[in-house]
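In the form predicted alone, a lone chain appears below as structure tokens.
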């Protein structure tokens, strides 16, 4: 037989014969009441269908037990992988994660920040859009609750703590590798709206100068309005290959999503990146997007340490929630090295 459904704590109090304040204390912290009462409540709960209201059980707590996370894209497996690690680390620390997506829109990002402030979450992790993020809202957020940046660190937020990849080291790995195994690479960028892509471009330019090579940067202007990632990479290289350009060069893409589009352009022109052992077309990216091992050919890239970043970001946020101090003049920055992942494309 189905169990009777209980909708409110008042109904539950009557059903199992325990006062509502006692039930409230039980759901907040069972150790606060007698063991015999805990046993009575648990026996009663086993006889009914009842799910306590998450927020109601936290009304009188100093902590909500919630960490807010803001990411820029829902359709990007990079952030899915990062969010997975954040959620695992948060659960291990006893927190629930609520995620908001800014959908690459500064106004939506600001609204998400306001939502978390209105919910009085314990702290927030933000993967920001970049310098186009609303600096005033981010300042309000930092004044209201613990706040840590992940993935990218805009120049507009120098006082906010940050956990992410050492992009100079990680992108430097792939630049050095491509210079070593063939012709110096061409950099296939994207419209300059992505903070990490901009940092990759600047690292490329610096390393090419250090090695005495002439840099070649393409793709910083959109050919159409189809997007800044896969479609952009395909459109730029389709245009170049149609004009006979860069068909026997190494192409280093701003990130893996751009590189996936570049691989498709190569296929359309009958080119197989990485086929030639001595020179020839090579295509590489950065991030180790989850689909990279399954592209054709499999994409050479640099892996970001998602697990370390997720754990460190949550750990530092929990420290701040528990009262750790921030040095506003020198906020904590944790950078993790990338690892080269050599595959067929380069």
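The structure displayed is predicted, hence computed values, not measured ones. Numbering follows the first chain given and starts at 1. Only the largest set of C-alpha atoms that superpose within 1.5 Å between the two forms is called the rigid core.
From this point on, the text means the form predicted in complex with another copy of the chain, which you will not see here.
For the three residues 23, 40 and 47, a heavy atom within 4.5 Å of another copy of the chain turns up in the predicted bound form in no case. Contact with another copy of the chain in the predicted bound form, judged by any heavy atom within 4.5 Å, is made by just one of 135, 119, 223, 193: 119. Among the residues 185, 123, 219, 261, the one placing a heavy atom within 4.5 Å of another copy of the chain in the predicted bound form is 261. Annotated contact segment (heavy atom within 4.5 Å of another copy of the chain in the predicted bound form): 102-110, selected among 194-202, 208-216, 147-155, 102-110. Contact annotation: residue 114 falls within 4.5 Å of another copy of the chain in the predicted bound form, judged by heavy atom distances.
The closest heavy atom approach of residue 296 to another copy of the chain in the predicted bound form falls within 4.5 Å.
Interface residue remark: residue 80 is counted as part of the site for another copy of the chain in the predicted bound form, having a heavy atom within 4.5 Å. Contact check for residue 35: no non-hydrogen atom falls within 4.5 Å of another copy of the chain in the predicted bound form. Residues 64, 66, 74, 75, 76, 77, 80, 83, 84, 87, 88, 91, 97, 98, 100, 101 are the ones in 64-102 with at least one heavy atom within 4.5 Å of another copy of the chain in the predicted bound form, listed in sequence order. Annotation for residue 339: C-alpha shift under 2 angstroms between this form and the one not shown, rigid core superposed.
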